[in-house]
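Quick heads-up: it's one chain on its own, the form predicted alone, in structure tokens.
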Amino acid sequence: MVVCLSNNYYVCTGCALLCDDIEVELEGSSLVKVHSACRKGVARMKGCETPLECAVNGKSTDTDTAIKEAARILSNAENPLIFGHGNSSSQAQRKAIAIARKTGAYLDDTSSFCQGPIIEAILQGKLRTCTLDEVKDRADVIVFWGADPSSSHPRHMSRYSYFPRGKERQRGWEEDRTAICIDVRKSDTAEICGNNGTYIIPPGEDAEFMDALVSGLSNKVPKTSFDFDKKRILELTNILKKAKFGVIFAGLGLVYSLKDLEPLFALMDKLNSVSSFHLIPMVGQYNMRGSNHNIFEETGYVNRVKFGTEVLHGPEYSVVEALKEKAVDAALIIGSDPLSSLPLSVARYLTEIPLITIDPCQTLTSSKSDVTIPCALAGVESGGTAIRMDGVEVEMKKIIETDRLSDEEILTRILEAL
């Protein structure tokens, strides 16, 4: 057995950090070991436990036949849904948008029920942001709000945010950085931030805590309807005021708590009137932000759109509402598993309409699909580009060869067959 350590560095697609320092060991044309990646990245790069098989109506078939059947389903549908994209290359996402435009489809992705509003605000220039490299080199105050990167993005704190020694932060976390955790529970990240750096607030009270911080930053006495030590709030505002380069990492806990982003806008505006603060969304899927950028370039919106004689946008065009109202009559799912991730009462309707799945791996959604088309695993079996959680574009290189087509190639052929 001959094992070769690749001399190249590769990009991990385990999450939206898109770590680009990954080394691998190859045995012939097989990837056998992954170095530098976290546990999530290793699992992702080693591939599927159960690879998806090419099939139409439960019977194995060739890729050409499956692509023709997928095109037939989409052509016959009056209101198809195209959903997924977060685990696809940017090139594939642009092909999906072209298919949606050609078929008059509903187009949505997982940001529709997570980080979409924050990314849209960033793209519209309503929230100040920065890159992870700037965080590593310059950040002295780091706030993890409703986020637990120790669990969700295992290399986040060591590679970019808290522990590394940057150009202007040579003394690192010991002397040059302050980490704050604002959450509803004592998470693993909160343990790192310590008792003095952790602020536990009741679920759903993020907006009120933001208002209290704005008051403190304005030299007013902060008030909360829930029991919280005002002295601690003022201590926190003093830390935030002194920041030379601050950053808030906004997690799903923050997003789900806010009814709208106005309290966050007010806090960021106040922070930037007394110090210097930026915000980065803690995106999960490796190219969900790429999907938002690509749809925004095409339509001016990041998700929840419906193509036709004009582009329509609104909550009624989200995947959740489209399925609840049974407004769609076919669905193309790309690199996602809505039957597992959405409430069953909503997702069940997918089993009642013609369903197409493109994915490297077998999923619950693929098991209920009329057409399944396996694709190459991006970042391992195919290349392309993706956009990191901070908006930086990253190029992915192919590591090993495969007979499977990339998701971009499959979508290109579906588009040509329409």
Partner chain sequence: MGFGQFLAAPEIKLKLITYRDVFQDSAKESSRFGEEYEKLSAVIRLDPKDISKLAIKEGDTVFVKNGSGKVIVKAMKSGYEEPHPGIAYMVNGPWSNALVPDDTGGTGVPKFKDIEATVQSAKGGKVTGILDIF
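Residue numbers count along the first chain shown, from 1. Note that the coordinates shown come from a computational prediction; the quantities given were computed from them, not determined experimentally.
Separately, the form predicted together with the partner chain exists; it is not shown, and the next lines address it.
Task: Candidate from 276, 90, 112, 224 lying within 4.5 Å of the partner chain in the predicted bound form - any heavy atom - done: Checked against the cut-off, the match is 112.
Task: Among the candidates 320, 98, 207, 311, the residue which, in the predicted bound form, approaches the partner chain to within 4.5 Å (heavy atoms) - done: Of 320, 98, 207, 311, the residue with a heavy atom within 4.5 Å of the partner chain in the predicted bound form is 320.
Task: Candidate stretches 185 to 193, 74 to 82, 224 to 232, 124 to 132 - the one whose heavy atoms come within 4.5 Å of the partner chain in the predicted bound form - done: Looking at the other structure, the answer is 185 to 193.
- [ ] Evaluate residue 203 for contact with the partner chain in the predicted bound form, applying a 4.5 angstroms cut-off between non-hydrogen atoms, and reply yes or no.
- [x] Close contact exists here: in the predicted bound form, residue 203 approaches the partner chain to within 4.5 Å, heavy atoms only.
TODO: Indicate whether residue 36 is a 4.5 Å heavy atom neighbour of the partner chain in the predicted bound form.
DONE: No, residue 36 stays farther than 4.5 Å from the partner chain in the predicted bound form.
Open item on the list: residue 61 versus the partner chain, in the predicted bound form: is there a non-hydrogen atom within 4.5 Å?
Closed with: Close contact is absent here: in the predicted bound form, residue 61 is far from the partner chain, nothing within 4.5 Å, heavy atoms only.
- [ ] Tell me, yes or no, whether residue 345 is in contact with the partner chain in the predicted bound form, where a contact means a heavy atom of each within 4.5 Å.
- [x] Flag for residue 345 set to yes.
Task: Residues within 4.5 Å of the partner chain in the predicted bound form, restricted to 252 to 272 and counted by heavy atom - done: Stretch hits, in order: 252, 253, 256.
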